[in-house]
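Only one chain comes next, encoded as structure tokens, the form predicted on its own.
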Amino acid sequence: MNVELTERRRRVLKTVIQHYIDTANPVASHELASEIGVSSATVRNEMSALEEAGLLMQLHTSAGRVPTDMGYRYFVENLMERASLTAQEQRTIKHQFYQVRSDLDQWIHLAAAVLARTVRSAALVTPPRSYESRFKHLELISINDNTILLVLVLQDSTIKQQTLSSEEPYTQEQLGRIAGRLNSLCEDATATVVSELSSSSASLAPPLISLEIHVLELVARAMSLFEDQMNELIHHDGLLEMLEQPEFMQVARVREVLSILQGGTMLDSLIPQALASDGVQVVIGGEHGRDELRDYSVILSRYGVDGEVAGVLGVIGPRRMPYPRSISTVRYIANVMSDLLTDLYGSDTRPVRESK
């Protein structure tokens, strides 16, 4: 962020943001004078300069200042001290996960609950999944002369079944040969590759027959749909914690929060971004690009095992969020979840870690 500030203005900005996070009330110059060690008039001048720089704003004349999105961004990138959970908090969290270490579904619920209670905001966790769904093998089973059962198995052991009709009858022996050829063509393929195979059948030797093309089209569609469905699965917790914040005392804001958490679609673009990124991602207010999220900050991190599976976890709350504690908690829980999945997938795998 390209804003040059004097040391005193940095200190004023940091103190204003910390006071506002703690109290949710606009900060007046006289509140900071003794803490900064200068007169109220000097603090007022520095606040005016920070307002001109777009880092602070006044909600109305004679009111104290509050941070802007740009101010929060400057704080997160330049002023915030990196915090860590206490050793006792870390031990407690690890013990909670140890108690449910054999149940992946419980990990997801526990991660959301721990995030919500620790940060006092709403939390969200997506289940770990393959980076892309990948083909493992398929079977074609004759039900009767013109009806076939397609059984598709993906690399993460997900099984999809679908019946299809054929214009001509096929014996089980014929279906076995067709399945064998398609398994050879699609080994470890993504949905995109399977789709390309179905549309370029004429270039293969021998060319695909109509049944083979139809099966590949169904497989590509099933794999793409599975990826979309996995992206939409978001477990959330902490609604009550979020509603305790003064920003959410109005009924309209409660409805807004419910729409964000339960609808899921407002966060659709953030999940893929987090999956493709390293470390903790902080998105503040208007940076979302969506008007519905202008009053919220979202902190997300990818977790999982490199090359195997990954999910996303994080918190959503008002822009007046305790960023140091929120970021450290998201980072720590992501590392715990990555370690659990590493144990599940074997010692030769590498957990997702934040870049230092």
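The shown structure was predicted, so the numbers you read here are calculated from the model rather than taken from an experiment. Residue positions are given as counts along the sequence shown, with the first one as 1. If you superpose the two forms and keep the largest set of C-alpha atoms that fall within 1.5 Å, you have the rigid core.
There is another form of the same protein, the form predicted in complex with a further copy of the same chain; it is not shown, and what comes next is about it.
- Residues with any non-hydrogen atom within 4.5 angstroms of a further copy of the same chain in the predicted bound form fall in just one of 73-81, 200-208, 271-279, 144-152: 144-152.
- In the predicted bound form, at least one heavy atom of residue 248 sits within 4.5 Å of a further copy of the same chain.
- Heavy atoms of residue 339 never reach within 4.5 Å of a further copy of the same chain in the predicted bound form, leaving it off the interface.
- By the criterion of a heavy atom within 4.5 Å, residue 181 is excluded from the residues contacting a further copy of the same chain in the predicted bound form.
- When contacts are judged by a 4.5 Å heavy atom cut-off, residue 117 does not count as touching a further copy of the same chain in the predicted bound form.
- Residue 243 is the only one of 193, 85, 243, 113 with a heavy atom lying within 4.5 Å of a further copy of the same chain in the predicted bound form.
- This chain is displayed alone, yet in the predicted bound form one of 132, 89, 217, 139 has a heavy atom within 4.5 Å of a further copy of the same chain; that residue is 139.
- Annotation for residue 145: C-alpha shift of 2 angstroms or more between the shown form and the other one, rigid core superposed.
- In this overlay on the rigid core, residue 155 has a C-alpha that sits 2 Å or more away from its partner position between the shown form and the other one.
- With the core held fixed between the shown form and the other one, residue 214 has its Cα displaced by at least 2 Å.
- Shown here is a form in which the CA atoms of residue 276 and residue 187 lie at least 3 Å closer together than they do in the predicted bound form.
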